[in-house]
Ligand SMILES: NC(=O)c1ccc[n+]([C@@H]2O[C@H](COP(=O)([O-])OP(=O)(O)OC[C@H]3O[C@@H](n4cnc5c(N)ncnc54)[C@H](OP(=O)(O)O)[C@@H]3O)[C@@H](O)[C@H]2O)c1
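This document opens with one chain alone, in structure tokens, the form predicted alone.
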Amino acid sequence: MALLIAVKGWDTQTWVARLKARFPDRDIRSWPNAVGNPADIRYALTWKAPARVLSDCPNMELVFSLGAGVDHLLGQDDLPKVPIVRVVDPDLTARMSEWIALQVLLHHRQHLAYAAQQRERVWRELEQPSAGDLRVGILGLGVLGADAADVLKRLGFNVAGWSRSKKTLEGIDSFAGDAEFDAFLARTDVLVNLLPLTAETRGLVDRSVLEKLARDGVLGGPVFINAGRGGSHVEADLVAALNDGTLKAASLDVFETEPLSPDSPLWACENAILTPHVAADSDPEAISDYIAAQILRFEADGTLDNRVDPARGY
């Protein structure tokens, strides 16, 4: 009953060591060099591994996605018809909220303007609005979005969220469905995307959405922050909006194609903050605890937390 770690671009041996510490008597294998007989494998921990890695395992029982998103799995052909589990871990959630709060604060406290002044050796104080006057809108009020909303609310920001269905979160205005989408955008100065990537959300944030954001806010123009999925925005529209003033600024941790090409015009946008998909890195120590607990409970009674609904895409 082997467990396979199949990740692309990560140190596989780090994960092997963590899982071996929790399951010393189990067979822990890694792709691509130590898969062994695929028929032995019952569990897989994966992130962006080729589709055949999982489809070649005829006795697979359970797949874990080593990240908050599962679009890298659901788009694969011949995916085994077994439960898929999302990683929902307090450490990952806290890291995401840290990054979101940092980006909102950077724009709120006019960091880009002060950084430009520093380069020019200019000493000039800029008028600073209060947090309560800045309207932040979060796309997606799942575990990550709800926590980020709470952190921003406690910092004093005026926070609202939009999701498929109405949510009840203390101190957070909730908008839901297509009927309330435009009203949500119209009250938003800083738009934060934390939606999963599905057929409905792919390319959602395009020029038409950006043009509906509030233009009467205290920052002098809207800001877009994306730490969800790069496929949820249209990059060409973002570049155009950053260049023509439709957007005052942006913070992007995810992109349509990763790594971001050296030729991407986003690199030249001085009003954009770019980070290389690091907003909520998966911590092997914390996530290994989560996965070990899930496996033991699955073997005991068949139950699982955070099971993915393929029809919804998350």
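We call the rigid core whatever largest set of C-alpha positions still superposes within 1.5 Å between the two forms. Just so you know, these numbers come straight off a predicted model, no measurement behind them. In case it trips you up, residue 1 is the first one in the sequence shown, and so on.
Keep in mind the form predicted together with this ligand is missing from the figure; the text below concerns it.
S.K.: Considering non-hydrogen atoms and a 4.5 Å limit, does this ligand approach residue 69 in the model of the complex?
M.R.: Residue 69: contacts this ligand in the model of the complex.
S.K.: Taking the shortest heavy atom distance, is residue 211 within 4.5 Å of this ligand in the model of the complex?
M.R.: Close contact is absent here: in the model of the complex, residue 211 is far from this ligand, nothing within 4.5 Å, heavy atoms only.
S.K.: Indicate whether residue 96 is a 4.5 Å heavy atom neighbour of this ligand in the model of the complex.
M.R.: Looking in the model of the complex, residue contacts with this ligand include residue 96, since a heavy atom lies within 4.5 Å.
S.K.: Although this ligand is absent from this view, report whether residue 162 comes within 4.5 Å of it in the model of the complex, heavy atoms only.
M.R.: Answer yes; at least one heavy atom of residue 162 falls within 4.5 Å of this ligand in the model of the complex.
S.K.: Go through 153, 111, 207, 167 and name the one with a heavy atom inside 4.5 Å of this ligand in the model of the complex.
M.R.: The option sitting close enough to the partner is 167.
S.K.: Tell me, which of 134, 185, 84, 195 has a heavy atom within 4.5 angstroms of this ligand in the model of the complex?
M.R.: Going through each option in turn, the one that passes is 195.
S.K.: Based on heavy atom distances of at most 4.5 Å to this ligand in the model of the complex, which listed stretch, 111 to 119, 240 to 248, 76 to 84, 226 to 234, is the contact stretch?
M.R.: Result of the contact check: 226 to 234.
S.K.: Candidate spot 92, 142 and 201, all three in 4.5 Å heavy atom range of this ligand in the model of the complex?
M.R.: Every listed residue reaches this ligand in the model of the complex, so yes.
S.K.: Go through 236 to 263 residue by residue and record those having a heavy atom within 4.5 Å of this ligand in the model of the complex; state none if no residue qualifies.
M.R.: The stretch 236 to 263, when checked against this ligand in the model of the complex, contributes 253, 254 at the 4.5 Å heavy-atom cut-off.
S.K.: Please say whether, between the shown form and the other one, the C-alpha of residue 290 moves by 2 Å or more once the core is aligned.
M.R.: The answer is no, as the C-alpha of residue 290 shifts between the shown form and the other one by less than 2 Å after core alignment.
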